[in-house]
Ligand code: ADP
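Take a look at this single chain, the form predicted on its own, given in C-alpha cells.
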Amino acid sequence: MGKVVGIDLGTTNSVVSVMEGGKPIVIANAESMRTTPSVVAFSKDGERLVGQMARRQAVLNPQNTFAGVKRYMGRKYGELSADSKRVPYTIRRGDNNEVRIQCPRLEKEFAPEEISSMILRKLAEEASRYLGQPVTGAVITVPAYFNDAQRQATRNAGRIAGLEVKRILNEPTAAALAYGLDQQYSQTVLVFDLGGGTFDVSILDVGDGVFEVRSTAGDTQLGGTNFDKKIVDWLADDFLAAEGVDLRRDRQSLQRLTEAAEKAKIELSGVNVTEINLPFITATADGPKHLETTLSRSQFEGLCGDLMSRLRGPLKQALTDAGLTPDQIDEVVLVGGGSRMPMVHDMVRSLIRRPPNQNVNPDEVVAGGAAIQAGILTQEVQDILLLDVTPLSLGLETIGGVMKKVIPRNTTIPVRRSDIFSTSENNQTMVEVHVLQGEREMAADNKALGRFKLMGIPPAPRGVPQVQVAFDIDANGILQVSAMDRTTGREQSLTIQGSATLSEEKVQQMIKDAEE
C-alpha cells in the first residue's frame, strides 16, 4: 500500500504535502523549492521539462512551453474568452469543440488534462523520492467554484498521471482545514482565495474537529494572471504609441512582457515604485529597441479598478448566502499568491472590518489541507468531520426552456434529492432529461451537463405519467442523475461524464501513453 499525498494543483504553482507526525509537511522538489511552477515544456531534443526548468526556457521556446493550463480544464473551446486565448502558445478548437493545445516540437496536440497530469506526475515522483516509498493515491484540490466538468477533468488528470484520486477537495475548505487543525474554540472563518488563475470565497464554521462550509462563491476566470495582463497591456500600449510596434504580436516579446509584469506586480507588494527594463525587446529598421519604464503602486492600482470590483461581488455574495454580516466573521484567512497585493488586503479589510490573519503561508496552506484530508481518508488523522457544499445549483430544463432547480447552491454534500416531473404532450412515450448547472432562470443561460432519454413510457394524457428524477452528488462533488417512470419502473441513469471533455477510452489511452 503506497502513501496518499495532498496536492494543490495551481494555475501558476503547485505544491505537494504529506502528513508526518500529525502535521502536514510540504515536500521540496529536486530544485529545493517548496512550490513547483505549473509549467510543462518540450525542449529542442523533444525532452519533457516540468516546473522550474520549463519556466526558465520559456522566452526562447514560447510555442512549446505551456503554463496556466488549469484555466482550460473541463471547458469547451466556445466558452473561452478572447482574453484567455491570448497566450504565447497555440490553442485550437478540437473536433468536439474541446480545447486542444498544440505542440509544434512533437507535432502533436495535447488535452489540458494531459499537461496537468505531467505536473501531477512530477509532484508524485518528488514525494515518493522524499518518502522512500511509492505514492499511489492523492487528494487533489480544485477551486470551490469549479463546475462538474472541471472537477471531472481534474480527476482524469490525476488518473492519467497514474494516481488513484481519493478525493477532489475544494481549495478554501482545504485552507480552513490546515488553519483550523489546532483551533480549540469554535469560530466562523472566511477564506479568501485569490490564486494565479482562479478566485474563491468560502465561509466555514470551524470548531471541535467539525468543519462546516456555510457558503461559497467565486470566479474561475479571475486571478493573479489578470493583474499581470493589465501591466502587459499598459507596457505594450505605451510601446505601441512610442515605437509603432505591438509587442503582443510576437510570441517571444509577449513571453518576456508577461514575465516582467509578474515580477513588477510582486515587487509592488513591497515597494512603491518598480523599474521595468527589457533590453532588445524587439528590432525595427532603425535598429534594436529597448523598453525602460517605471510603474508605481498607485498607477498599478488605477489599472486594476475593474478587477477589484469583480473581487467584491463574490465576497458580498458569500456573506449574503451564509446569512451573515461582516461583524459575525471571527477570522479572515487569505490564501493564494494574489492575496499578498496591498490593494487586496485593503479591500478585504474595508469590507470585513478586521485585519486578515497573517500566520498561514498563503502558498502552502491549501496543500497542507489536502494532506490532512488524505490523512483522514487513510485514518492517520482521527476525529475530524468535513461538511462541504455544492457551489452551483443543479436542475433540469422544463417546458418553456425554464430551469427547475432540484439541488440549490450551498447544499451540504454528499446529497440525494429527487423530484417528480411529467409529460407535456398527450400519448408521449419518451422524455428527454436535460441536466443543467447554474443560477440563471432560463436553461439556455446555464451550463448543460448532459442529456439522456427515458423511453417506453405507456401512452397517457399529458401530465398523467410520473417520472421521478433523482440527483446524487458524492463527496467529490461529482454528480449522477437517474430518471424512473413510476408506472413501469423503467430507469435510465447518467453519471455526468459527457461534460468532461475526454471520453473514457481517451483517458485509458492517455494513461497507457503516460506509462510508456
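Just so it is clear, the structure is predicted and the values come from calculations on it, not from any experiment. One rule holds for the numbers: they count along the sequence shown, beginning at 1.
The next section is about a form of this same protein that is not shown, the form predicted together with ligand ADP.
Region of this chain that lies against ligand ADP in the predicted bound form, out of 439-447, 241-249, 257-265, 389-397 [heavy atom, 4.5 Å]:
After filtering at 4.5 Å, what remains is 257-265.
Would you mind picking the one in 180, 368, 195, 158 that has a heavy atom within 4.5 Å of ligand ADP in the predicted bound form?
Exactly one residue meets the criterion: 195.
Interface residue in the predicted bound form among 357, 426, 187, 269, criterion: non-hydrogen atom within 4.5 angstroms of ligand ADP:
So the residue touching ligand ADP in the predicted bound form, by this definition, is 269.
Do residue 137 and ligand ADP come within 4.5 Å of each other in the predicted bound form, heavy atoms counted?
No, residue 137 sits far enough from ligand ADP in the predicted bound form that none of its heavy atoms falls within 4.5 Å.
Taking heavy atoms only, is residue 314 within 4.5 angstroms of ligand ADP in the predicted bound form?
No, residue 314 is distant from the partner.
With a 4.5 Å heavy atom cut-off, would you call residue 336 a contact of ligand ADP in the predicted bound form?
So residue 336 counts as contacting ligand ADP.
Even though the partner isn't displayed, in the predicted bound form is residue 340 close enough to ligand ADP, meaning a heavy atom within 4.5 Å?
Residue 340: yes, in contact with ligand ADP in the predicted bound form.
If we check ligand ADP in the predicted bound form, which of the residues in 3-17 reach within 4.5 angstroms of it by a non-hydrogen atom?
10, 11, 12, 13, in sequence order.
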